[in-house]
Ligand SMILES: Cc1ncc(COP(=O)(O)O)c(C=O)c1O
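The chain below stands alone and is given as structure tokens, in the form predicted alone.
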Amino acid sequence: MTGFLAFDDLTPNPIEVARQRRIARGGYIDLTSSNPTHHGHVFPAALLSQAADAYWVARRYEPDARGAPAARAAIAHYYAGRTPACSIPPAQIAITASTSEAYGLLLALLTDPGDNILTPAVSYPLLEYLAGIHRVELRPYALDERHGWQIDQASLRAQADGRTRLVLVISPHNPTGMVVRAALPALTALQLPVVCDEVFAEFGYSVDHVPPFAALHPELPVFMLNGISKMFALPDLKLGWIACNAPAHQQYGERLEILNDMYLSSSGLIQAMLPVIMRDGGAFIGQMRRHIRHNIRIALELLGTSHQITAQPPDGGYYLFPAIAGWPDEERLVLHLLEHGVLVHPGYFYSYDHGTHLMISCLVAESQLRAGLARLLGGIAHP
């Protein structure tokens, strides 16, 4: 057998087996969900209908390799309104169907098989699959847990070699919530392109704002990724983008346009709707932001009642990644908690094997969060 995952063991892991068994016995409280539509975060239907009306009246297929001009103009306006303001002209934006597709396009653009990319040591599982598709190596750089999971710049520089082609930064980071707040001298020294995933940028917690990464490093080629899946709780409508700063556009813009023209994945309908969604969707973002901040405060308060749990307030995002003392085996802990009726993810799901950590989503309804954390606290206290 050849091809993607040809030699991988695809049988369910012990946690998934136990989860399915628990469903058969009556279910559990899920504290892992990141799907906003499952928890009452539903973008206003009337606004979506209004956004679509003009498309149906003058429907016409006019593909653009970078995306519909009006949609790109709306995205450019969004960056101009960030703090600090970031000038990204519409010509420097490429619309994709998702952030995942954007990652794939940039790996095709910037790497060859056998190259490597620098990624955070606490990493989202998607990256391993993308690296496998493009035959590149992920080289993890450390995040400093003792200092709010900030990027360890010595580690970043040490991981680079002659075949390193880009640095991936996630800000706010998933799942630690770390936000990069200032320029990193190590990145300037490396002089590599930077891909920054900013899909949680609208959900600050400990920080007042999440700086657009291109504003921090205007001297480097920077590709900023975002989309409507997290920002507007619209994962089903499939629109993301790549925003290139001037160096990125000058060096790579023409080839990126050709790559995006090969797929044209994002539908004309959602691109036509985007200007209205971005113009009028601010109130919905604010509502969702308030819910997440409220839940994070509740979770930190409840987790703080246990001497076994160390939960750092995140800079942003909607996850917590607390450390757990007294449980050296993450998988055993997660299985134990599942027996107590609550599902969380172990730290090793995020390629992190230092100590014992759990991933908890604060996107869920408050009642679900409180009930799930009560079961978690009880389970941790009673091995």
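Just so it is clear, the model here is predicted, and its values are computed rather than measured. Residue numbers here begin at 1 and follow the sequence given.
One more form of this protein exists, namely the form predicted in complex with this ligand; it is left out here, but the text below deals with it.
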Tell me the stretch among 157-165, 224-232, 133-141, 84-92 that has any heavy atom within 4.5 angstroms of this ligand in the predicted complex.
224-232
None of Q153, S100, S306, Q312 but one has a heavy atom within 4.5 Å of this ligand in the predicted complex; the exception is S100
May I ask you to choose, among T119, S266, N245, N174, the residue with a heavy atom within 4.5 Å of this ligand in the predicted complex?
N174
Could you tell me if Y124 has a non-hydrogen atom within 4.5 Å of this ligand in the predicted complex?
yes
Answer yes if any heavy atom of I170 is within 4.5 Å of a heavy atom of this ligand in the predicted complex; otherwise answer no.
yes
Are any of the heavy atoms in E145 no more than 4.5 Å from a heavy atom of this ligand in the predicted complex?
no
Is there a heavy atom of E202 no more than 4.5 Å from a heavy atom of this ligand in the predicted complex?
no
